[in-house]
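Shown next as structure tokens: one chain only, the form predicted alone.
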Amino acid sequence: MNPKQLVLDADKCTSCLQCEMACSLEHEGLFNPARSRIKVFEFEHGKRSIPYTCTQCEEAWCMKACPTDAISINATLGTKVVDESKCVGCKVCTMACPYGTINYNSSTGKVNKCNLCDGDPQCVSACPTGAITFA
């Protein structure tokens, strides 16, 4: 299986944060970039911006590290998804992820990560420059 994934083009990113706003609205029900599952990192004092989120890596260290098996693979999309009913908020997965793309949500006491919005990633449609595509 060769699932679709987010393709992030740093050369097109303007750091408008529309992707973060769309993500937080989709998953948290409010515009709050701090709660987004995609982040825009700025380098060189804002001269370069890079959108970044879970790469759904094949190794899935987060999934392997989870002591409660709360992270599994969505068979249709190939995404690694968090089952909040199994997550105990221990944060072991956050330490296991070498990319820092799985985060603890203090309001829920659980972790969250990109799940590609179940196949319709909102960050893609929100990006005005095409810096984020789903291919």
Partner chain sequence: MGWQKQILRVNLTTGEIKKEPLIMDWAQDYLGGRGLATKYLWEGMDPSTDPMSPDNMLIFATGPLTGTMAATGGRYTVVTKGPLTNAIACSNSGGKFGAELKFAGYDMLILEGRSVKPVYLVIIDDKVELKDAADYWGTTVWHTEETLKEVHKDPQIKVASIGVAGEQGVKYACIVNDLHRAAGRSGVGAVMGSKHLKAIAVRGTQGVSVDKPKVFMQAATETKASLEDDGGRKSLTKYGTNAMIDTMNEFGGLPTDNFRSVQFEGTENINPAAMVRPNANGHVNLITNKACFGCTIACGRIAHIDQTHFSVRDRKEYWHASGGLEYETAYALGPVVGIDDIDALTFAGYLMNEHGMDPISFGVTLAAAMELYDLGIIDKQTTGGLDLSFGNAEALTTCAELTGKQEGFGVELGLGAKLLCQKYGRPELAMVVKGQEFAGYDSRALQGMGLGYATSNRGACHLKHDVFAEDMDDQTGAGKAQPCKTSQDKIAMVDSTGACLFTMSAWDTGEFQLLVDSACEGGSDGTWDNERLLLTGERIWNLERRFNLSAGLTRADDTLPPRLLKEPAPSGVAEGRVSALDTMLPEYYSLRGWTAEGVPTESTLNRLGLS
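It should be emphasised that the depicted structure is a prediction, and the values quoted were computed from it without experimental measurement. Numbering follows the first chain given and starts at 1.
One more form of this protein should be noted, the form predicted together with its partner chain, which is absent from this view; the next part is about it.
Per the 4.5 Å heavy atom criterion, its partner chain in the predicted bound form is contacted by stretch 22-30, the sole one of 77-85, 93-101, 51-59, 22-30.
Using a 4.5 Å cutoff between non-hydrogen atoms, Glu44 counts as a contact of its partner chain in the predicted bound form. Heavy atoms of Asn112 never reach within 4.5 Å of its partner chain in the predicted bound form, leaving it off the interface. In the predicted bound form, its partner chain lies farther than 4.5 Å from every heavy atom of Leu116. For the partner-free chain shown, nothing in 65-82 comes within 4.5 angstroms of its partner chain in the predicted bound form, judged by any non-hydrogen atom.
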